[in-house]
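This document opens with one chain alone, in structure tokens, the form predicted on its own.
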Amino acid sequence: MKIFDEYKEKLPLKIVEEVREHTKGLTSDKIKKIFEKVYDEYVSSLVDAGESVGLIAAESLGERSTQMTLNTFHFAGVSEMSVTLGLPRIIEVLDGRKTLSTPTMEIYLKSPYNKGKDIQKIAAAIKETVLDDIVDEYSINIVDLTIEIKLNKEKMKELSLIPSVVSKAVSKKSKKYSVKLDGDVLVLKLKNKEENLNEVYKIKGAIKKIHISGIKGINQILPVRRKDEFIIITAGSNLKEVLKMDEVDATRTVTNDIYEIHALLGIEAARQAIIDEVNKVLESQGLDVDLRHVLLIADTMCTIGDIKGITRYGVVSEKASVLARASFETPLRHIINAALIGEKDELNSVIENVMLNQSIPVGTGLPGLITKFK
């Protein structure tokens, strides 16, 4: 239809496609009227030139953040599994922190597993199992300088493990000792005969954390029902390995670690993750912030193709203006560094003009007036 092509130039493609979807079977006159209405709405919702959008976004999110709680939210029935929400989580996201206080994942499953089939089995395969989880007791033979490890048969059966697999995993970890399997007992013997008892105790401490099965970094799992399907919530995150599993729905599985998403799926996915994480916190607190403010903040954080937090080391360090950088924190350092390389400030933005008591380039202060002098 000619009308769709005409409005492709005037409206975003997504809006044109939505109109196309909702106007099937209508006459071209009616579609034209709908497009006119949509276009009027679109134009009226655009931001005016010179609008100080950054200030409004900061104010909108900042004002709401003061009403947030400072607590963390616990999942029902599992006191150890808590997820950071409220103000601490907003700060974590907007500061662009690489180490999270509570990394978690929501793992969605393909059919029929999302209806509950083998869900405990899948959950057990995801959870990281270290040697300490499947051992009944450790004993040291002082005469022979050996460590005897008695394996727990029941726990191994739950995790579908056999002693030979455990033995192989332990022997891979170090060349200092040899591993012999005797029924359900592992015997570790030092290869170097000159080693002393201290070394044996060190090894006993180190072997407890040897990775046996499951996915590294995921130390707790909780299958829960959400609407009409089961999903697995985890404490700990390892998106790359989880997505390799055949039972996992890779299109919907998410982690709250934005840097992990960036490394695996790129900056666009990381930007979307920032938007989703901020919105999740706002919704859980019952706060209402216009999506466009959150979009602007996410764009600012990702604009150079990397994630930059809204801190003096992140977004602020990228500013072209010396005075704007100096106004945030550590002013002397910025001014001295700029002076050493002869940096020039063009006074193009708001902060530096406020500092110099000049009209700021927003609203009516944006256009400059040029006249000819006789």
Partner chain sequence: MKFKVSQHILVPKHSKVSEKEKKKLLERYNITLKELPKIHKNDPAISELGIKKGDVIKITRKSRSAGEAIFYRVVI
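Residue numbers count along the first chain shown, from 1. Model, not experiment: these values are computed from the prediction. Just so we're on the same page, rigid core means the largest C-alpha set that superposes within 1.5 Å between forms.
FYI, the form predicted in complex with its partner chain isn't displayed, but the following is about it.
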Selected contact from T253, S171, Q285, N219, since only one has a non-hydrogen atom within 4.5 angstroms of its partner chain in the model of the complex: T253
Answer option from E268, D136, D95, E199, heavy atom within 4.5 Å of its partner chain in the model of the complex: E268
Triplet K117, L161 and D184 all within 4.5 Å of its partner chain in the model of the complex via a heavy atom: no
Heavy atom of K110 within 4.5 Å of its partner chain in the model of the complex: yes
Exercise: D246 in contact with its partner chain in the model of the complex, heavy atom 4.5 Å: yes
Partner contact for L131 in the model of the complex: its partner chain, 4.5 angstroms, heavy atom: no
Partner proximity in the model of the complex: H262 to its partner chain, non-hydrogen atom cutoff 4.5 Å: yes
Partner-proximal stretch of 221-229, 117-125, 287-295, 141-149 relative to its partner chain in the model of the complex, 4.5 angstroms, heavy atom: 287-295
Members of 298-327 lying within 4.5 angstroms of its partner chain, judged by heavy atom, in the model of the complex: D299, C302, T303, I304, G305, D306
Core-aligned C-alpha movement of Y42 between this form and the one not shown, 2 Å or more: yes
